[in-house]
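Next up: just one chain, as structure tokens, the form predicted on its own.
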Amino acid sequence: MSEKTIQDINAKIADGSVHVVTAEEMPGIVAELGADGAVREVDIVTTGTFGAMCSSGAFLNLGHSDPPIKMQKVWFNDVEAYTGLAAIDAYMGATQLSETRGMEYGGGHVIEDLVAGRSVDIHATAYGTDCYPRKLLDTTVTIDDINQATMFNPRNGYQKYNVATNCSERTLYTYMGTLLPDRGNATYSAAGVLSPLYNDPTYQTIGVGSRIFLSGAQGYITGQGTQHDPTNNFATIMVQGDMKQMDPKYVRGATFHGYGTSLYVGIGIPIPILNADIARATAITDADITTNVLDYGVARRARPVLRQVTYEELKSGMIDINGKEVTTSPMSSFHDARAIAGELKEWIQKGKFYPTLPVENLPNTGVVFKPMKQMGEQPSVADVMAQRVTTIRQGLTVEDAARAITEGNFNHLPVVSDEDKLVGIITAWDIAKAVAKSKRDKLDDIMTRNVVTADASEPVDTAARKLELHNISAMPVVNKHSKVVGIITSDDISKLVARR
């Protein structure tokens, strides 16, 4: 069996004889030469991924002002950073939102602006002490004015992602992008064949101290990422690197409509081919990597697996979900992942990058990813909704609706079809406006057709978020056949909160 050491490989880098290939090239080499032959032929396999990595951020040291300030709060371009570190250190999180621009700008954009060399406005406040008497600071800086700008990301480089689709009847805005109703699309992430962690799934060469490509700079893995779940092939890494050395094309702030901000990060990991097991692992293809398609239209704790798919299927642009052809779209860039693997390959070939073996490997067994421990059971919509709901048949009149609301002493009246499926909703306010305008004909003329609904199994907190988001006070609760099984109101939720 052929084997080599990291010292052997780095000596080849030094004398210019190293043979480096990307993870896309390796399957063909192993197929032709076998795993042992590939060890003799190939020294390093480069990988790459470029996608939204929300659990990212930066430590920033601003230097002392005169007179000095011990920042209690600090904002960069109106985005607040965490200051509970020291006098003039701060941590900017990628998903923190601007206080003036909301979801259009956030921490990820601040980090991009700094890496790109753009000016950033700083506003800081403090309570003042004898050694730090200043209470207010306003200034403008670029990354060159900052002592240290260290990207430090607690959770990056997911081995793979679940695929998101939406079987409900309303559009969802998520960290997996906009999900259209009734399986209107499916979104996925991660680089498949180029995925760094899938090319060394037992982490023989990946761990604490491993030198990596991080957004165009040499960075390091500092440990297992948060939510590291190797048992289910959802491994993650914690990474850091010097932002002053980074390339702006691999550091991009992003806004996901209706969800918030994130940061696109580019990561490449070199896999030294030390033995046949590693060579065999790097021969993985998109057809070998499977993941689950989940229905994001269902509450997280009950989210069903609709099917398994391969990355080969996902990259084809179309998958079948329960008999429907659904368009797929990536939330990450395979084009840029390929560019990262190629750039890292070039660095190594030119002697600009020497791989390091970890001082401690990532754990690949015995790690359990647990949900949050909560005190008491989280109530669902079914626990608080009114189950006896008066509905009205489509085609009746405004006067019929007014009579039903008056007799029942409620404010919301779902409208149903002859098949008892929800088709609209009428409120007491709708009726008052119709009467004022002498519109007393069919309900179809005044009812709201795009009804925001709830599912009986979803958490009350999710229902409350929908009410707030759409500025409404009630939602019909419907089953999978669009039949009304209850109604939940803001009053129901307020009463529940009062009882807690």
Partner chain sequence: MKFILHATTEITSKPLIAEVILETGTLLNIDRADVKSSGGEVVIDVDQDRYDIVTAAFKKRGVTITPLEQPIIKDDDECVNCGACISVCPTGVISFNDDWTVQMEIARCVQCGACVTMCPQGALMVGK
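What you are looking at is a predicted structure, and each value in this text was computed from that prediction instead of being measured. Positions refer to the first chain, counted from 1.
This next part talks about the form predicted in complex with the partner chain, which is not shown.
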With the partner absent here, would 211, 231 and 361 each sit within 4.5 Å of the partner chain in the predicted complex, counting heavy atoms only? no
Residue within 4.5 Å of the partner chain in the predicted complex by heavy atom, from 333, 168, 162, 150, is 333
Using heavy atoms only and a 4.5 Å cut-off, determine which of 255, 275, 397, 285 is in contact with the partner chain in the predicted complex. 255
In the predicted complex, residue 184 touching the partner chain (heavy atom, 4.5 Å): yes
Decide whether residue 404 counts as a contact residue for the partner chain in the predicted complex under a heavy atom distance cut-off of 4.5 Å. no
4.5 Å heavy atom contact, residue 177 to the partner chain in the predicted complex: yes
Can you tell me if residue 412 lies within 4.5 angstroms of the partner chain in the predicted complex, counting non-hydrogen atoms only? no
With the partner removed from view, which of 377 to 385, 151 to 159, 325 to 333, 78 to 86 is the stretch that lies within 4.5 Å of the partner chain in the predicted complex, judged by heavy atom distances? 325 to 333
Check each residue of 395 to 409 against the partner chain in the predicted complex and list those with a heavy atom within 4.5 Å, in sequence order. none
